[in-house]
Ligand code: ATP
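The chain below stands alone, shown as structure tokens; this is the form predicted alone.
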Amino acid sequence: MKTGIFGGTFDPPHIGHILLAQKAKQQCKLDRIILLPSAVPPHKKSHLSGFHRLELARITAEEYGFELCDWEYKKKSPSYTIETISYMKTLYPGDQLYFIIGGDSMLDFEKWYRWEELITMCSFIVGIRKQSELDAVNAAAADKRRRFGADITVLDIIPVDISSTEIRETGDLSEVPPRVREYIIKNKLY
């Protein structure tokens, strides 16, 4: 099977996340998408507790036909992608794993923990949020393919420039799924 793993803080999950996951599944012919909310992201601060972000990801997974993995939440310590992929390989032996990331992550990839090893462990699917980053993302992906034999697909996707930070700062919930919006309002999260 071809399994897409979409990790993130999901603080909150929004339409951009959903479109990226759906396009990855369609264009790369994935059998499933697994949302994997990070409990303690090593590279950025999350605003909501891991519990609420896990719940928001669960709601999103149910609403859009994805699966949910709570491994990083249960781990309760910083999770590096290489550890997550190693775990997912034991959970889904024999599956081809595809890690779904944004263009900004591809541009910063060489800053990731043990990235040279990670790049050999799974395939990568990259979606851009801004048209202006497309050339740089394509160049970074081509460089990794040439130097390391990496399997990287840059999606043919119309960029959707939505950020969780902007949603939190403005309080505008128009770009989050309806059930996620209901949960946020009910629990007064932002």
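Bear in mind that the values here come from a model prediction, so they are computed numbers and not experimental data. Residue numbers here begin at 1 and follow the sequence given.
Beyond the structure shown, there is the form predicted in complex with the ligand, which is absent from this document and is the topic of what follows.
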query	finding
Per-stretch contact check against the ligand in the predicted bound form, the hit in 122-130, 26-34, 60-68, 139-147 (non-hydrogen atom, 4.5 angstroms)	122-130
Non-hydrogen atom contact Val160 with the ligand in the predicted bound form at 4.5 angstroms	yes
The ligand contact in the predicted bound form: Ile101, any heavy atom under 4.5 Å	yes
Proximity of Gln22 to the ligand in the predicted bound form, heavy atoms at 4.5 Å	no
In the predicted bound form, Ser105 touching the ligand (heavy atom, 4.5 Å)	yes
Members of 1-36 lying within 4.5 angstroms of the ligand, judged by heavy atom, in the predicted bound form	Phe6, Gly7, Gly8, Thr9, Phe10, His14, Gly16, His17, Leu20
